[in-house]
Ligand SMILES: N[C@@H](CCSC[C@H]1O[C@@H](n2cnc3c(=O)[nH]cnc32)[C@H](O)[C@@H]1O)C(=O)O
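A lone chain, given as structure tokens: the form predicted on its own.
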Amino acid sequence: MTDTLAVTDGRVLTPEFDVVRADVLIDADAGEIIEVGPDLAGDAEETIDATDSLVMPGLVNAHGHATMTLLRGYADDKTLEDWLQEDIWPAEAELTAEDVAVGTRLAAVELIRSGTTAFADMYFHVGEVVDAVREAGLRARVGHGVVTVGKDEEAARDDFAESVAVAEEYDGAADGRVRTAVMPHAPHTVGTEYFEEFVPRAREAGVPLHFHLNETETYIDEIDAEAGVRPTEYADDLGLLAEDTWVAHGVHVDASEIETLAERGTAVAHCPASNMKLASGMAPVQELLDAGATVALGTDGAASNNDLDLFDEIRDAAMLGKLAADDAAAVDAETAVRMATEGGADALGFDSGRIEAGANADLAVVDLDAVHLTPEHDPVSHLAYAARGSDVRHTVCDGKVLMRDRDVLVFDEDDVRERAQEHAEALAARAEE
């Protein structure tokens, strides 16, 4: 007999972005939505109450580094280059597998609390990340981040080979909720010869690619000086761009690069808060959308944000998008919410991001009974401009309730926080020795 779950007595955000009064009936065993309609509670073994709430697709965080929750507030107010070289990379050199396990669990609690049901993670000790995702009940696209600069040939080849091997080993883990990708850090931090050797291997294995692209003007200048072309053309020549590739940032893409990304079907994970904090620039999001490119949203790591609340990113994306386009109509509320839901699901290759029969049962139930959400003229406007992660009341992923009435069910939250504090302090001490 199939276990069923119904989300009842609320309103539902449909794929057409209408808001209708309806229940959502879920096959909890298959992790799929069975039906959206009225009076479905009687058909379910379990219910969760959505009174005064809006049931929306679970948010998708399309770019990040989960373990960097341990470095939240560790180094701020610096350029990206100084921040990485003076603070982050030295600290990351001291990371242990246990640090990654603890930091990823802290990230998972934060994601669940703010209605995120799927995320991308580029980092190290991927097996520990997978174990945390399995326990959390979340969905994730994970990979080993590759950096070859500063390494000898053997170490560089081993690093890229590990990314391919890890992607093949863990794809389909956690009952299929974990998918993988090969994740070279960026065109300017990985040598051309290693792209030429290992990208074909990833393609042969059917594994997607994910990397940082055009995050700062400095990085563009490095590729231009080395290869005589802009990074997007360089990446395209190496076979990096395809429909199953998604890139992070895309801040400084020109018209030609936008056209190339759209033509190749390569999605862009826009990280507005991180880009603002590091003064990286303003991505031309409306131009990307107008060209037909898929745009998703990401928080980047908590060390450059400094939280994992995608509702912040929705608002930032809408507002920064208007500023970048010099047009108050650019990146409107619906567009920004779509980027955080169906855009992210498309980028990561998950059948999520929408509430309809047959889709993954990944949902966030947002409590609208709040002062900052009153009055209610347009609930979609509230999702983009007024809602917060703390407004999420229930989180459901793969048909399982991960948080009910703001109580995270999959972890002992106090224990996760205590261990994270201990590991963060020890990590900082080692990095500063």
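Since this is a predicted model, take the numbers as computed values, not measurements. Residue numbers here begin at 1 and follow the sequence given.
What comes next is about the form predicted together with the named molecule, which is not displayed.
Student: Want to guess which of 221-229, 78-86, 285-293, 237-245 is within 4.5 Å of the named molecule in the model of the complex, heavy atoms only?
Tutor: In short, 78-86.
Student: Since the partner isn't included here, can you check whether the named molecule sits close to all of V130, E168 and D398 in the model of the complex (heavy atom within 4.5 Å for each)?
Tutor: Spot residues vs the named molecule: no contact at all.
Student: Answer with yes or no whether R393 is in contact with the named molecule in the model of the complex, where contact means some heavy atom within 4.5 Å.
Tutor: Output for R393 is no: heavy atoms all beyond 4.5 Å of the named molecule.
Student: So in the model of the complex, is the named molecule close enough to F124 to count as touching (4.5 Å, heavy atoms)?
Tutor: So F124 counts as contacting the named molecule.
Student: Please run the contact check for T341 against the named molecule in the model of the complex: heavy atoms, 4.5 angstroms, yes or no?
Tutor: No, T341 sits far enough from the named molecule in the model of the complex that none of its heavy atoms falls within 4.5 Å.
Student: Should R157 be counted as a contact of the named molecule in the model of the complex, where contact means heavy atoms within 4.5 Å?
Tutor: R157: no contact with the named molecule in the model of the complex.
Student: Taking 4.5 Å between heavy atoms as the contact cutoff, choose which of A173, A205, A324, V147 touches the named molecule in the model of the complex.
Tutor: Selected residue: V147.
Student: The named molecule isn't shown here, but in the model of the complex which of R105, R139, H210, H249 has a heavy atom within 4.5 Å of it?
Tutor: Only one listed residue qualifies here, and that residue is H249.
Student: Hey, which residues along 253-276 are within 4.5 angstroms of the named molecule in the model of the complex, non-hydrogen atoms only?
Tutor: Only S274 sits within 4.5 Å of the partner.
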